[in-house]
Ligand SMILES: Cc1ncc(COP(=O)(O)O)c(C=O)c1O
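Next comes just one chain, in structure tokens: the form predicted on its own.
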């Protein structure tokens, strides 16, 4: 049998750690073990009924054929209208590309904006796929580490120190995965000014922006004067519990949007037609959408506060999340004997106490681990109790 040797394109590609943890948890459950899965970044709420009803109606109406690669016009118009309200100036459908999930929007942006040897600054800890997407584009991800005192967020000074003549842009994520930290409007304004001075592109991943506990999280659209060097990505997965529908989008200058559309025409073509109509319903019914998001955020807040209180009472170092639905927990100090204490702890927690979390090495910080509270409240608190028991044993 001929052995397989991966091409240079994917030779260094690693499987998504978050997906791997979820798969391992499901395998253990299938084997009969009562694993509590606190690893997945997926709301445990059902897709709203009004969205399901719209999907049924679209299916009955025959929404089963190809659409424009960049998405159906009514959906792009709805996205553009929402973006215009945030930006304060008109953004048109020509700025919008609808994608098969926000992950594809990010990939499109990385592949379209950056080339071999370009350096891209990535605040770290950061979502695991940023680094891999940039590597696939032959660009060089440069990890920028924030301090614990700043909730692991980066500052302009951090960016300036890490920049080089080859720096072409940065990826920003607020609220952050995995920490739940949120950049303030002032912090975003300073970062935008820095990027403008250097002529950098900014890719702003705002998929968690609707899940914020201290008022609305600021969008880059509300900070920049124009879209000249900005790509904003978002989607319906997290805020509407529509992960499996696979609908995301990018908002970019028209020339960039056209380039990403051309790229997408040779990869996935249009996002699923039925899913586009479902997303249109989610974005078009303002009052029902507000009730859905507010109700989910309120429940997430209750879980966050209970879990955070228990961990702090046990003197466990944890970042206080102001958005998203994750707790980032410090597992210990890295040593020569154990350079990845977060991985060691997560493995022991799963195998011995049947709780799945994601090791921090997946996000570039080996001393930490990520726990999701997008799970039923009783499972979240039982998982926290087991984490505390394992941490102090």
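Residue numbers count along the first chain shown, from 1. From a predicted model like this one, the values you see are computed outputs, not experimental measurements.
We do not show the form predicted in complex with the named molecule, though everything after this point is about it.
In the predicted complex, the named molecule lies within 4.5 Å of some heavy atom of residue 102. The shortest heavy atom separation between residue 307 and the named molecule in the predicted complex exceeds 4.5 Å.
Contact check for residue 258: every heavy atom lies farther than 4.5 Å from the named molecule in the predicted complex. Not displayed here, the named molecule is kept clear of residue 281 by more than 4.5 Å at the level of heavy atoms in the predicted complex.
The contact residue chosen from 301, 168, 246, 82 relative to the named molecule in the predicted complex is 246, the criterion being a non-hydrogen atom within 4.5 angstroms. The contact residue chosen from 114, 208, 183, 107 relative to the named molecule in the predicted complex is 208, the criterion being a non-hydrogen atom within 4.5 angstroms. Not one of 76, 240 and 276 places a heavy atom within 4.5 Å of the named molecule in the predicted complex.
Stretch 172-180 is the contacting one of 172-180, 250-258, 134-142, 264-272, since its residues have non-hydrogen atoms within 4.5 Å of the named molecule in the predicted complex. Taking the named molecule as it sits in the predicted complex, the stretch 105-134 comes within 4.5 angstroms of it through a non-hydrogen atom at 106, 127, 130.
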